[in-house]
Ligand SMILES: Cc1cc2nc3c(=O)[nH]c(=O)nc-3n(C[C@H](O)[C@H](O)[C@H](O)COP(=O)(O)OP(=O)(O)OC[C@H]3O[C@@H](n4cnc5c(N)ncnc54)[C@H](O)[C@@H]3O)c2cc1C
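Read the single chain below, which is given as structure tokens and is the form predicted alone.
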Amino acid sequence: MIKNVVVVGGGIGGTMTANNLVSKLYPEVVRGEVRVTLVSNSPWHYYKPAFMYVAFGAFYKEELRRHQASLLRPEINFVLDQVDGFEFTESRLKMSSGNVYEYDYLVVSTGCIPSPERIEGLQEGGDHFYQHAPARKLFEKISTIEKGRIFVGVTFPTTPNVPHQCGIAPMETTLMLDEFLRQRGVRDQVEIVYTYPTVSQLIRNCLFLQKDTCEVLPSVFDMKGIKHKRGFTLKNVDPDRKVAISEEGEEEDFDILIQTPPIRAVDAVIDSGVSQAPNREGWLPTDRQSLQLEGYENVFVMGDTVDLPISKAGGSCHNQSPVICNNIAGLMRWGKTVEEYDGKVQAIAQMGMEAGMPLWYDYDVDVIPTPATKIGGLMRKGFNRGVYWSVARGLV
């Protein structure tokens, strides 16, 4: 009987994993013993990390998308539909179309949703760059401000040990903002303040989640005249007064508030009843080595949907994907998982408009900062302009 492997989610994690599964299981696929299906609710695949650049006028929307089907190997069955219900016990998916799909193995790569409405006043008074329309709105503001105060803040999930989306992005954006305003000739008239919250998952009261980086960051900001403060956890925003109010009892005024918004899983994941995350955030309980959904041997979770203490970013997916593919192949061929994920993440941090800093870390080793260089910036540009699409196709 044919084995059905279904990947849900057309982002970078789901797309590369569907392609990698066909490569890994190619003998079974060509013999008709395995069918790989990708389910996405959009015909388009967006390079979402580049929305950060949209906030600085660097990309048009059309540059950042491809037809989802064009990124998939021809052996993949592409389904344009939305999952309304995950029935993990029955190994079944209920779809918006009314269709029902049964699976032998499932990969959940449904990402997360920026949800500024979860903080009172933030949607009305704040800005972010994690989606295209908000990023464009932010660009209009930073490209016209002549003087004032730009306040940058970070919001963590309430789930212990779960980081916010793309952990390095607020720092990257702050450094890019400094250079962008210098290029406009208004930096001396605009105060930039970078803040970091006091949250239970931080073992250090600093400006970043990882030790070596948080020790270097203050001096980097000081050299550029960027003010910074620790222990500012956003509670609510007063849009009329343009004031950010913290859990610690402080008030900070702003002309532009750039705030990493709260995030949550998609509705179908939250409504599955499996998540143990508080505040209906919806992160799925995931085995940190095998990446299996706890209690379900045939279900794997990756990317932003996991409850692991690892970055919710494409650099995580790139390392999780081969582990999942090898483990599905191991279960099919040998009846057991065969590989463990070590928490590895790699990326190139944008340290200003042109410079870049390669970085990597895992469960046990923090990021080790290296000097930002123009070569690093060229590497990031190369990834943005072409390598990303090869990664999605499972070629890199």
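Sequential numbering from 1, following the sequence displayed. Everything quoted here is computed from the prediction, not taken from an experiment.
Another form exists, predicted in complex with the ligand; not displayed. Remarks below refer to it.
Contact annotation: the ligand lies within 4.5 Å of heavy atoms from the stretch 303-311 in the predicted bound form, the single such stretch among 303-311, 152-160, 115-123, 256-264. Out of the listed residues Gln165, Thr195, Gln292, Ser246, Gln165 is the one that sits within 4.5 Å of the ligand in the predicted bound form by at least one heavy atom. Residue-level contacts in the predicted bound form: of Asp238, Glu191, Asp81, Glu75, one residue has a heavy atom within 4.5 Å of the ligand, and it is Asp81. Taking the partner from elsewhere, Gly11 is found to have a heavy atom lying within 4.5 Å of the ligand in the predicted bound form. Among residues of the shown chain, Phe51 is one whose heavy atoms approach the ligand to within 4.5 Å in the predicted bound form.
Among residues of the shown chain, Cys317 is one whose heavy atoms approach the ligand to within 4.5 Å in the predicted bound form. For the chain shown alone, Phe129 is a contact residue for the ligand in the predicted bound form, at least one non-hydrogen atom being within 4.5 angstroms. Along 35-51, residues Val39, Ser40, Asn41, Ser42, Lys48, Pro49, Phe51 each place a heavy atom within 4.5 Å of the ligand in the predicted bound form.
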